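First, one chain by itself in structure tokens, the form predicted on its own.
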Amino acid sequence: MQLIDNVKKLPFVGSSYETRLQKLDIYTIDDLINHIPSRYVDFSNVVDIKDTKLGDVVTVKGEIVFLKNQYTHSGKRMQLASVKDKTGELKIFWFNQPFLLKTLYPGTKVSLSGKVSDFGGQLALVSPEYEKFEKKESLHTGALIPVYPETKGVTSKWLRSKIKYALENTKGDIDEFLPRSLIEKESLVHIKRAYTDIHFPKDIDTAEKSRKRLAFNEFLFLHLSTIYKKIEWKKRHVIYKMNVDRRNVENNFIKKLPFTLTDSQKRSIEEILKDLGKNVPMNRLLEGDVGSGKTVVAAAGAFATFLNGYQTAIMAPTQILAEQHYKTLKMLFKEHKVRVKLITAAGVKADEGVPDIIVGTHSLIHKTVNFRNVAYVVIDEQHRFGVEQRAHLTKKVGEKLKNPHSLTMTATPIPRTIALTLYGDLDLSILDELPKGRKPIKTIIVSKKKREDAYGWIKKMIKEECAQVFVICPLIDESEREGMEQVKAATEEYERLKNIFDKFDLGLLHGKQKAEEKNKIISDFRKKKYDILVSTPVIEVGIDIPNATIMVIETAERFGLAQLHQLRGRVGRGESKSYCLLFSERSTGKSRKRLEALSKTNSGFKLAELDLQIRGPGEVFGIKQHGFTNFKAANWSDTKLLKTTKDIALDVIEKPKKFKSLYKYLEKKRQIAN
């Protein structure tokens, strides 16, 4: 068996299990052995039955005396068993597992692991892990047992047996690819040992050493991938050479703006204009906090492109955001002869003549768009587009090895060390300050007891201050597309609030509405036809209502810091003081820490650092849900290992002869991926 083989090569794995495993991103044997345990259960305390004590987690080994089905008073079926060893007998209980009668019949020797409980006045193991006890090595009991991320129909017990088989039958295909000198210098475990010990460790220390080795691999491969992308990009040429007159942009665009740019905006514009004058196409990321003014920075590049007689294409993830960009650009260029065109599924809005700037959603890819000479492409909220979509747009307006300049933008602040790794193939510009005049948003955590008081205060603000209010309904699932369940929750909340705010006008917005309907609701809200807009998180990006000064987020603990910060950024865009009310029913735990962090700072970058500390491994400030690298073993908070592997990756590029085995391994990984 080889690592490259499909999981169907495993015994008793057919099409049904293949489909289930795909939900865990497991397609090949290599994917399977890289499916790392999320935690371990310590069943290593093997005791005689007479030594079992209430509350202890133990493993006992003995012989089944009897096993029978028995019904509870509520009608549930349970399996009652007794196991004995040379020192005594112990009762065992399972629930709704009638198949056990065919497996664990009297006389069967078993190993059972679980917590000793009081069941009807006697000591017992309730729903323990079990396996038939022979001379073979224990897999599910009597040791440190791995627990894996699971899906319906795929349990940790099933995964343990398949991973064990895969490791035993692919050992010859797992070769060490790092130089011995590097392994010794960094105190790394041999790769074969790492795979064995991460899945079946003798103790936690062994497991952690193996996790470090696999984390080292993941960081190293990520660094190498981004470095290679950057090298390949630098081989490209611009499709249209531009002569950028920075003084012209300064005098005729920047100085005529109705507001003053921040220092970070000026710095970012300077970096973009410098790139636009090069022969190698720009490939830059503009990372800015909510409301930091990314659009005007991108517009400065569009103005320089216009002065050269070329077009700009701007792609946004939603029609709402595309409409917002269109309106902003029309305002920014109202004193210039810059023609702006909007193309979405709802139709086309355009000035007469050939457009200088074309704004759109996916329509820019799929519709027949009149791209004449696009020299500059801007992709907003780039994490919401697939790699193929971005490449398709660039390809559509470019040629092989000839590309337009490319600027991608994101409002998701990410700690700098992580941003430089995730976007290692892009040059980075950061907007880390808000425009002058933007007032900080007062963020308040509202407990269940204070809810009615909060509603009373909102009514007063609407009456006396003419405030407009967003109410965001709870997040039901973490998928980016809204399901009907979420729409239903928003509709129910809308009906409930209509009774509470019966003297006010309410609107309802969700992702299942047609584009025209959504736009009309937003337009009516902007025109103050609604006092309160009840919405799903569809408003996270792109809605700019200066008169909206209150943001209410229901069951705020269900949201990540990134999304809470994005939602909060929908208010505070006018001159009036703005508020964000976090309705929460929890008073402790990590989710509460997130809410408290949000209430103490308005800086997305500070929140990103806090999120990293609070959450640790896994999702960091929402990046997991946006399609970024999903690590199995690595932890973004391990900045030391992140830096070490970056230095080694650069060494790999500079000294290929020293890393021959690694290059061979990378080629094998490419074959597996394809």
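All values reported here derive from a predicted model rather than from experimental measurement. The numbering used is simple: start at 1 and walk along the sequence shown.
The protein also exists as the form predicted in complex with a small molecule; that form is not presented, and the subsequent description refers to it.
Chemist: So, Thr295 and the small molecule: in the predicted bound form, are they within 4.5 Å at any heavy atom pair?
Modeler: Yes, Thr295 sits close enough to the small molecule in the predicted bound form that at least one of its heavy atoms falls within 4.5 Å.
Chemist: Even though the small molecule is not shown here, does Arg438 get within 4.5 Å of it in the predicted bound form, heavy atoms only?
Modeler: Yes, Arg438 lies within 4.5 Å of the small molecule in the predicted bound form.
Chemist: Find out whether any non-hydrogen atom of Ser264 is located within 4.5 angstroms of the small molecule in the predicted bound form, and reply yes or no.
Modeler: Contact with the small molecule, no.
Chemist: Is His190 one of the residues lying within 4.5 Å of the small molecule in the predicted bound form, judged by heavy atom distances?
Modeler: Residue-level check for His190: no, no contact with the small molecule.
Chemist: Any idea which of 520-528, 75-83, 158-166, 282-290 reaches within 4.5 Å of the small molecule in the predicted bound form, heavy atoms considered?
Modeler: Checking each option against the 4.5 Å cut-off leaves 282-290.
Chemist: Which pick from Glu176, Asp544, Glu129, Glu493 sits with a heavy atom within 4.5 Å of the small molecule in the predicted bound form?
Modeler: Checked against the cut-off, the match is Asp544.
Chemist: If the cut-off is 4.5 angstroms on heavy atoms, which of these, Tyr105, Tyr228, Phe119, Phe259, is the one near the small molecule in the predicted bound form?
Modeler: Spelling it out, the residue with a heavy atom inside the cut-off is Phe259.
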